[in-house]
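Take a look at this single chain in structure tokens; it is the form predicted on its own.
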Amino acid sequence: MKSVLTLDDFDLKGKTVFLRVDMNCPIDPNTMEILGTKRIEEAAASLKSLQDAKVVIASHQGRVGNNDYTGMSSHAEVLQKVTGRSIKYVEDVMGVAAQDEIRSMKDGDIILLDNLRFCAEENYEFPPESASKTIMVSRLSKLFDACVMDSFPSAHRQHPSIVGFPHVLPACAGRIVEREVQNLDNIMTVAKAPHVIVLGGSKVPDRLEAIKMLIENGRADHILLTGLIGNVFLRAQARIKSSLGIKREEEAVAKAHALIGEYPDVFATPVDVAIDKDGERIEMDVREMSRGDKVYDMGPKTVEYYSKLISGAGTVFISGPAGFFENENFSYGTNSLLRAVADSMATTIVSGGHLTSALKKLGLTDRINHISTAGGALVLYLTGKRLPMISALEDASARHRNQGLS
């Protein structure tokens, strides 16, 4: 990472450091328990290099209105177990309580702020200069000597915590960002065709934006669609007739329809699916679906179809679960595709916190070339797009490379 400073470039002993990580984890909607801790475990990597600093950790969890939108107290407990160090949880983000706690820190102390998205500003995106002028960055930045950006899964966002702090503070990449970029750059130099992209998950706008760029940049010879994005394409093909209940659905369906028309030989959609009927998994051909049926997973014929395409690939990239995999009744598609990827002779990349957790549960982690908890950020990185967080770090590096910290 020649254009970006890392922790090796700074002596942060005794300094107060803002450490932006991404501990956004899958949450059980009923119990609100954390289902997968991989991202929290990753957050510990930079802490080892900051053991003599005063570290203020910040992350978000979920989105406003979603079931996984909650505070960070459980994250603090898990992080404490992972690191074996005391983590003080502060039920505040930028108010008096948070500021007082930061000012009273001693060398080696670690505090975790509450969910950044409890601040309204963090739910919007800004250019770096505007982000640096938000109330959150304005209030907190004066309490820090430097910021360490280690939230690669959020690197494609322009939230204040991602691009605002590096605009006004000495900034460097954390250990996870450093590792991700180096590994991905190495992998992509040897990646070979055919490129098979398996896309699932629920972040439809991000997926639609990335699909066109992946194709245009020669990174997608076959795109196998699953999850909610797969349902959008099925609706575009008039195979799902009822509404999916997502925001700006008609716009998404129209974009999917246009992509199919422009690249008719690239896309593969499910041929059979699983729906929920009174709590039971019912499998059927997509042509048998009735209006109102909710697709929760793919069926065995689709798994067989997709697995053949995966087995013939030179490079496989999979991001996002194939369905409502948190429910055991609908984990079949996700687990089957991960097994197919692990069995492949291709260069393999598994992306996203949900898939990372599932892969670990299946005991397949050692059979994948690169595993990243990043989802949308990694998809966009593979298209060659400059990610806002990386750009912010590059700009900070240009400003501070010869200054160091006193």
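One rule holds for the numbers: they count along the sequence shown, beginning at 1. Note that this is a predicted model, so its numbers are computed, not measured.
The form predicted in complex with ligand 3PG exists for this protein as well; it is not shown, and the discussion that follows is about that form.
Problem - Heavy atom distance at most 4.5 Å to ligand 3PG in the model of the complex, all of R39, R117 and K203 - result: Heavy-atom distance to ligand 3PG in the model of the complex: all three under 4.5 Å.
Practice task
Answer for K54 alone: is it within 4.5 Å of ligand 3PG in the model of the complex, judged on heavy atom distances?
Solution key: It does not: once ligand 3PG is placed as it appears in the model of the complex, K54 has no heavy atom within 4.5 Å of it.
Exercise for the section: Considering only heavy atoms, tell me if P153 and ligand 3PG come within 4.5 Å of each other in the model of the complex. Expected result: Result yes; P153 sits at the interface with ligand 3PG in the model of the complex.
Exercise for the section: Evaluate R157 for contact with ligand 3PG in the model of the complex, applying a 4.5 angstroms cut-off between non-hydrogen atoms, and reply yes or no. Expected result: So R157 counts as contacting ligand 3PG.
Practice task
Could you confirm whether R367 comes within 4.5 Å of ligand 3PG in the model of the complex, counting heavy atoms only?
Solution key: Because no heavy atom of R367 falls inside 4.5 Å of ligand 3PG in the model of the complex, the answer is no.
Handout entry: Region of this chain that lies against ligand 3PG in the model of the complex, out of 359 to 367, 340 to 348, 27 to 35, 55 to 63 [heavy atom, 4.5 Å]
Key = Result of the contact check: 55 to 63.
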